[in-house]
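Form predicted alone, single chain, as C-alpha coordinates, below.
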(Lines give C-alpha, C1' and ligand atoms only; values in the text may rest on other atoms or scores of the structure.)
Protein backbone atom coordinates (compact mmCIF):
# COMPACT_ATOMS: atom_id res chain seq x y z
CA UNK A 1 0.00 0.00 0.00
CA UNK A 2 1.24 3.44 -0.89
CA UNK A 3 1.79 5.59 2.19
CA UNK A 4 1.86 9.31 1.71
CA UNK A 5 4.15 11.43 3.81
CA UNK A 6 3.25 14.38 5.98
CA UNK A 7 5.32 16.60 3.68
CA UNK A 8 3.24 15.48 0.68
CA UNK A 9 0.11 16.20 2.69
CA UNK A 10 1.28 19.70 3.54
CA UNK A 11 2.24 20.39 -0.09
CA UNK A 12 -1.13 19.19 -1.35
CA UNK A 13 -2.96 21.31 1.25
CA UNK A 14 -1.05 24.38 0.07
CA UNK A 15 -1.85 23.56 -3.56
CA UNK A 16 -5.55 23.37 -2.65
CA UNK A 17 -5.33 26.62 -0.68
CA UNK A 18 -5.98 24.92 2.66
CA UNK A 19 -4.40 25.99 5.91
CA UNK A 20 -2.27 23.34 7.58
CA UNK A 21 -3.85 23.09 11.02
CA UNK A 22 -3.03 20.70 13.88
CA UNK A 23 -6.57 19.32 13.55
CA UNK A 24 -6.17 18.55 9.84
CA UNK A 25 -2.84 16.89 10.50
CA UNK A 26 -4.34 14.81 13.34
CA UNK A 27 -7.26 13.68 11.17
CA UNK A 28 -4.94 12.80 8.30
CA UNK A 29 -2.55 10.87 10.56
CA UNK A 30 -5.44 9.00 12.19
CA UNK A 31 -6.84 7.80 8.86
CA UNK A 32 -3.35 7.03 7.55
CA UNK A 33 -2.53 4.87 10.58
CA UNK A 34 -5.84 3.04 10.52
CA UNK A 35 -6.26 -0.27 8.76
CA UNK A 36 -9.95 -0.83 9.48
CA UNK A 37 -11.66 1.76 7.24
CA UNK A 38 -12.89 3.96 10.10
CA UNK A 39 -15.99 6.14 10.11
CA UNK A 40 -15.85 9.88 10.81
CA UNK A 41 -17.28 9.11 14.26
CA UNK A 42 -14.45 6.65 15.05
CA UNK A 43 -11.81 9.16 13.96
CA UNK A 44 -13.53 11.89 15.98
CA UNK A 45 -13.53 9.69 19.12
CA UNK A 46 -9.85 8.84 18.66
CA UNK A 47 -8.56 12.40 18.27
CA UNK A 48 -10.85 14.49 20.48
CA UNK A 49 -8.78 13.82 23.62
CA UNK A 50 -5.72 15.39 21.99
CA UNK A 51 -7.90 18.07 20.33
CA UNK A 52 -10.80 18.73 22.73
CA UNK A 53 -12.09 21.74 20.77
CA UNK A 54 -12.53 19.81 17.53
CA UNK A 55 -16.08 19.15 16.39
CA UNK A 56 -17.50 16.11 14.64
CA UNK A 57 -18.47 18.39 11.75
CA UNK A 58 -14.84 19.48 11.33
CA UNK A 59 -13.70 15.85 11.22
CA UNK A 60 -16.38 14.90 8.70
CA UNK A 61 -15.77 17.89 6.42
CA UNK A 62 -12.00 17.37 6.58
CA UNK A 63 -12.37 13.71 5.59
CA UNK A 64 -14.54 14.66 2.63
CA UNK A 65 -11.99 17.30 1.62
CA UNK A 66 -9.18 14.74 1.86
CA UNK A 67 -11.20 12.49 -0.44
CA UNK A 68 -11.64 15.34 -2.94
CA UNK A 69 -7.88 15.90 -2.80
CA UNK A 70 -7.28 12.23 -3.62
CA UNK A 71 -5.56 11.41 -0.35
CA UNK A 72 -8.23 8.99 0.85
CA UNK A 73 -11.27 7.22 -0.55
CA UNK A 74 -14.83 7.13 0.66
CA UNK A 75 -16.05 3.56 1.16
CA UNK A 76 -19.81 3.34 0.77
CA UNK A 77 -21.66 0.41 2.26
CA UNK A 78 -25.16 -0.94 2.03
CA UNK A 79 -27.05 1.24 4.49
CA UNK A 80 -23.97 1.62 6.67
CA UNK A 81 -22.26 4.83 7.72
CA UNK A 82 -19.70 6.29 5.36
CA UNK A 83 -16.25 4.87 6.03
CA UNK A 84 -12.85 6.04 4.82
CA UNK A 85 -9.80 4.34 3.34
CA UNK A 86 -6.28 5.74 3.17
CA UNK A 87 -5.26 3.23 0.51
CA UNK A 88 -5.33 5.26 -2.71
CA UNK A 89 -4.07 2.38 -4.89
CA UNK A 90 -6.61 0.60 -7.11
CA UNK A 91 -8.21 -2.11 -4.99
CA UNK A 92 -11.55 -3.59 -4.03
CA UNK A 93 -13.36 -4.47 -0.82
CA UNK A 94 -14.86 -7.42 0.96
CA UNK A 95 -17.56 -6.25 3.39
CA UNK A 96 -18.92 -8.47 6.15
CA UNK A 97 -22.67 -8.07 6.57
CA UNK A 98 -22.41 -9.51 10.10
CA UNK A 99 -19.67 -7.46 11.82
CA UNK A 100 -19.19 -4.64 9.29
CA UNK A 101 -15.50 -5.37 8.66
CA UNK A 102 -14.13 -4.05 5.37
CA UNK A 103 -11.13 -5.85 3.94
CA UNK A 104 -9.02 -4.66 1.00
CA UNK A 105 -8.24 -7.05 -1.82
CA UNK A 106 -6.51 -6.73 -5.18
CA UNK A 107 -7.65 -8.31 -8.42
CA UNK A 108 -6.33 -7.23 -11.83
CA UNK A 109 -9.33 -8.72 -13.65
CA UNK A 110 -11.68 -6.55 -11.57
CA UNK A 111 -9.47 -3.52 -12.26
CA UNK A 112 -10.05 -4.08 -15.98
CA UNK A 113 -13.76 -4.92 -16.05
CA UNK A 114 -15.30 -4.38 -19.45
CA UNK A 115 -17.81 -1.54 -19.47
CA UNK A 116 -21.21 -2.79 -20.70
CA UNK A 117 -22.08 -1.64 -24.22
CA UNK A 118 -25.31 0.02 -23.06
CA UNK A 119 -23.22 2.36 -20.88
CA UNK A 120 -20.43 3.10 -23.35
CA UNK A 121 -20.75 6.57 -24.81
CA UNK A 122 -23.36 7.55 -22.21
CA UNK A 123 -21.11 7.50 -19.18
CA UNK A 124 -17.40 8.14 -18.72
CA UNK A 125 -16.00 5.65 -16.19
CA UNK A 126 -12.95 6.93 -14.30
CA UNK A 127 -12.69 4.34 -11.53
CA UNK A 128 -13.78 0.76 -11.02
CA UNK A 129 -14.36 -0.45 -7.49
CA UNK A 130 -15.91 -3.81 -6.69
CA UNK A 131 -17.48 -4.51 -3.30
CA UNK A 132 -18.21 -8.11 -2.43
CA UNK A 133 -20.56 -8.55 0.52
CA UNK A 134 -20.98 -11.64 2.64
CA UNK A 135 -19.86 -13.13 5.95
CA UNK A 136 -16.17 -12.99 6.96
CA UNK A 137 -14.34 -16.09 8.22
CA UNK A 138 -14.39 -14.86 11.84
CA UNK A 139 -18.16 -14.44 11.81
CA UNK A 140 -18.57 -17.80 10.08
CA UNK A 141 -16.61 -19.42 12.91
CA UNK A 142 -18.74 -17.64 15.52
CA UNK A 143 -21.91 -18.89 13.81
CA UNK A 144 -20.64 -22.50 14.12
CA UNK A 145 -20.22 -22.23 17.90
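Residue numbers count along the first chain shown, from 1. Quantities reported herein were computed from a predicted structural model and do not represent experimental measurements.
Although not depicted, the form predicted together with a further copy of the same chain is the subject of the following passage.
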Quiz item: Using 4.5 Å between non-hydrogen atoms, is residue 116 touching a further copy of the same chain in the predicted bound form?
Solution: yes
Quiz item: Taking heavy atoms only, is residue 50 within 4.5 angstroms of a further copy of the same chain in the predicted bound form?
Solution: no
Quiz item: Can any non-hydrogen atom of residue 89 be found within 4.5 angstroms of a further copy of the same chain in the predicted bound form?
Solution: yes
Self-check item: Contact of residue 22 with a further copy of the same chain in the predicted bound form (heavy atom, 4.5 Å)
Solution: no
Quiz item: Which way does the C-alpha gap of residue 66 and residue 100 go in the predicted bound form, closer or farther, given it changes by 3 angstroms or more?
Solution: closer
Quiz prompt | Shift in CA distance, residue 66 and residue 107, in the predicted bound form relative to the form shown here, given it is 3 Å or more | solution = farther
